[in-house]
Structure formats: C-alpha cells, structure tokens
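A single chain, nothing else alongside it, follows as structure tokens in the form predicted alone.
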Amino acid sequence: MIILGIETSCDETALSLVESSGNLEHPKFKVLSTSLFSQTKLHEIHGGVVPMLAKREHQKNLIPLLKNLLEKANFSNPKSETQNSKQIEEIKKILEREQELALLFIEYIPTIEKPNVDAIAVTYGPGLEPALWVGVSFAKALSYIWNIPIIPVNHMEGHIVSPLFTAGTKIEFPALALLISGGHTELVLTEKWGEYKVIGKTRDDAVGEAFDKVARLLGLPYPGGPQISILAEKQRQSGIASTLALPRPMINSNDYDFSFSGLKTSVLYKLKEIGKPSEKNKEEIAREFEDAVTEVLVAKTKQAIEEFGPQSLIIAGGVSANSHIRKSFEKLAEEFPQTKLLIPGKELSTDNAIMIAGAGYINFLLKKESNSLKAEGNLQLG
C-alpha cells in the first residue's frame, strides 16, 4: 500500500509518499517521494520556535509541498471535471480554523485526480498544538475528498520506526529506545510494536532544549545544538587539556530519569565567574557541556541495557544527529554484542514525514485508524 505521511509537529513542514508492505515481523518500505520545508531561518531571529508563526507557515507550505511531492512521484494528473460545490463547502468546514490552507486547498486539490494513495498517516502529537492542528485538519480534508482512511501517529513512535528506513535494518524485540530531541528525552522499552513503556524521562529540560539554552548563554545563534558541537569539536581537536568541570546530573540516581536544567545553570554560573568569555572559554564550556550530557545519556542507557537485556538499542530524535553522541553510543555498543545498535541516518533523525508514514503502516497493521482524531500537544507514548 502507498501511504501519504504528514508531519507538522514543530517547525518542519514535511510530506512523504512511502510504499509499504510486509507484516509486523518484516515491514518493508520504499520511499517514492518526499518534500520538506524547514522554518529554522524564520524562527532564528526569535531565538526559538514561535508556535503561531509555525502554524502560519505550515498553512502556507502544505499545498506547494504536496504539489511537488505528487509531481516527483508522477502522481499528479489533471482533472477535467468542474468543482463539486457540496464538497467545497465541506472542505471549508473541515478547514475553518485554517483559512489560508483552505483557500490553497480549494484552488488546487479539485483540479487533480485522486492520486494512487491508500491511506494518510499524520502526526497528532506530541508537539506544538497550533502546528499539529494544521496537519490534522489537512489530513481530514484529504481523507474526505479522496475517500481514504487516516492513521494517527504518535510523533515519538515515528522516531522509533525511523531506523527501518536504513537498508537491511530489522528491529528485534525487546527493544530499548533513547529518544532525544528539542522537546523530549525518554528511555522507552518495547516488547512489541504498539506497546511502549517509558521507563525514564527528563524531569525538566529536554536535552535539545538544554543545548539551545546553553548556546544562547554563549551568544551562539539558533539552533544551538550544532553550534555547541562545532565549538566542542574544535576544543577536542586542539589537544589542550581543559580544567573546566561541570556536573553530570542524576548520573548515579539509580533510576532512568534525566535532569538538564541544573547543568544549564552551572554554565550560567561559570560564565558569571569568567566575565566576558573568550573564544577559548566558549570552546571549553561547549566541550564540557556536550561531554556531560553525553556521559549521562550513555550511563542511563547502559544501566537499562544491563537490567532489561534488549536485542535492539534505538537512538533517535534530532539530537541523535550529534556526531559525538553517535560515536559514544557506538563505543557503548561494543560492550554489548548481543544488543544491536540502530541509529537512523542524520536526514531521518530530525522531524520528517517518512518516519510518520512508516509508523502509519505499523499502526495500519495493528488496525489503528481514525477519521475523528484531534491534535494532542502533550500526547504520551504508551
């Protein structure tokens, strides 16, 4: 079957067409087409994502992205029939809270034949609720006009599925997933698809959020994670030993929870002590901060592997694109040859619609469909 994936949980507007087959033991995926618009530059001047700006941009970009997506897959065929006024009124009703999207939808969708798509997978949470609603409403409108089902997808499940898009990858259960992003830091244990137990999570800042906050303290541009990593790597490559020391919060707490707010505060105090930081100071702080975060993530994950003995270890989410974190988990994996390390390619680590389509197919096999879903900003996994 062919699934249209829709992702609008934050500041990435993303669509994909994924051909899916196989069963729950051996799902197979082929990406037919993908389109993505990143809003990073638009939010950069605000130092972070502005929810209503993200919502507006999703409305503006979904139809142009869909047009591009269908054309790349050769799924775009013009329609000769005139518009159905009853359908138009129903679309206006479905998209009543998304006026700009409604206008673009009515201008384009009735002019093309229904493409060869069997179902729509859409992120309905967690994320920024105004942004999520745009994707959910879009899915509902397409479901109505094309008469195909909607499969609701938890964004975090999308990240768990994401390694499957690397050729030859199979997730063996039980599996342990460390999900690290701008909004989440979670350790999730799963015995099988559709059943997830969060065994640990952040008590305050998510790891990506902490990276961004420390980057702001250092005067670095948004998004801060990549900037921190660049400075940290410069310090590593210099070969100069650093005398700077930051805490490793909750590393010995005997549970699987995380806390990164205090680490950020320690950076703040260190900067007050230094005064105006030199470039060398910034590099040292960046490295020590990145090292501290990485050591905590690795230590908690190692503890979970020792307790639960998973056959697969999944590291996913936007922060998994961090090279130092990836290398550190590759090193950890050498200690546990019975546990297969699975990290998606960097292009699938950040928010994307490919993983949403993949998770949609898993949920289709689990018979999870809905045409009456709603956006849930605080949706939990499990």
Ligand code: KG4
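Predicted model, so just to flag it, every value in this text is computed and none were measured. Position 1 is the first residue in the sequence shown; the rest follow in order.
Although it is not shown, the form predicted in complex with this ligand is what the next lines describe.
For the marked spot (S20, Y124 and K140), a heavy atom within 4.5 Å of this ligand in the predicted complex is absent from each of the three residues.
Looking at S35, you'd find every heavy atom of it more than 4.5 angstroms from this ligand in the predicted complex. Proximity of P226 to this ligand in the predicted complex falls within the 4.5 Å heavy atom cutoff. Among heavy atoms of G182, some come within 4.5 Å of this ligand in the predicted complex. Residue contact check for V319: one or more of its heavy atoms lie within 4.5 Å of this ligand in the predicted complex. The partner is absent here; in the predicted complex, the one residue of D291, E98, E209, E129 having a heavy atom within 4.5 Å of this ligand is E209.
The contact with this ligand in the predicted complex, taken as any heavy atom within 4.5 Å, belongs to S349 out of T339, S328, S349, Q39.
With the partner left out here, this ligand still marks one of 191-199, 151-159, 295-303, 164-172 in the predicted complex; by a 4.5 Å heavy atom cut-off that stretch is 151-159.
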